[in-house]
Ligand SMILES: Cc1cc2nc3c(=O)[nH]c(=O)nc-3n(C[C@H](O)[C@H](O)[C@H](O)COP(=O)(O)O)c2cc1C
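Presented as structure tokens, the chain that follows is alone, the form predicted alone.
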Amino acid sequence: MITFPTIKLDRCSGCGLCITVCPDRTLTLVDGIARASGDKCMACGHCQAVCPVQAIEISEVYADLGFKHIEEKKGWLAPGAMAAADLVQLLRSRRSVRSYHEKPVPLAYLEDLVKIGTTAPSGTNSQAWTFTILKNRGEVELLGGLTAAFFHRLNKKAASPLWRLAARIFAGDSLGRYYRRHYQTVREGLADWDERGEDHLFHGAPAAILVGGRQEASCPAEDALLASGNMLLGAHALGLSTCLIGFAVEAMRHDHAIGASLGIARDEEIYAVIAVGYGREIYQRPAPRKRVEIRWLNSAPRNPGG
């Protein structure tokens, strides 16, 4: 069902700004008043956000995200209004942390991180992402155990020369590449988990958030990863630390029973698993980055640092 903007006719000034920003050409001016005359609407909310007299409402979008810990500034931050240096400092200060205190993360913080994630762009504004919160260490260990069981099975296959030969013939050597790159490290990590209870997967994090996408989205993987990026930065601003757990994502991608155990629907794919907690690591300065080579269309490469 398509939800169209509701125009408060007694407020509309006929300025036409809503028509200018509408990507679906849903709105037109009729006798100097904005009207919803198109046959489609992605409910992006641009018309509602741009209207100078608050004459437009869309029932599916909400101006207030309902943060529980953050006092949101409601005004629009115009391009150039924020110091770029402050943004870059936040971006460079975020780190993937692999050592956590046992201190639990307040539920309000975890919910606020999800709401920060929903501020990301999404293809055709579908916003068809999903968020599953593992709110305590026990729930994190549940996913850790399910992931460990998957890699026990995978390592058993990878250790077999016959399985690796079959994979090379029928699956492009995927099992062989795994064996060469990850088998031994995973084997050692599984031994530490099974024999000593050492967590090399979630690194002792007391919480985690699974970010997924539904099949109805036009680009669910990109949507989920953009939302995850926002959440990583938001966590840092909230005094939390995070780490993306790729092995858990890989296990859930190949074994849908893991997702079913966590209440993940069959039409949903998990694209990011984020460990969340209070990190033990304290840094003195941003970590360096590899120098990037920028490609210019129809031009020779340039060295940005030269």
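Predicted model only: the values in this text are computed from it and were never measured. Don't overthink the numbering: it's just position in the shown sequence, from 1.
What comes next is about the form predicted in complex with this ligand, which is not displayed.
- Note on the partner interface in the predicted complex: the residue among K135, R187, R168, H203 having a heavy atom within 4.5 angstroms of this ligand is H203.
- Among H182, H236, H152, R98, the residue placing a heavy atom within 4.5 Å of this ligand in the predicted complex is R98.
- With this ligand left out of view, the stretch that reaches within 4.5 Å of it through heavy atoms in the predicted complex is, among 245 to 253, 51 to 59, 258 to 266, 32 to 40, 245 to 253.
- Heavy atoms of R94 reach within 4.5 Å of this ligand in the predicted complex, making it an interface residue.
- R289 belongs to the set of residues with a heavy atom inside 4.5 Å of this ligand in the predicted complex.
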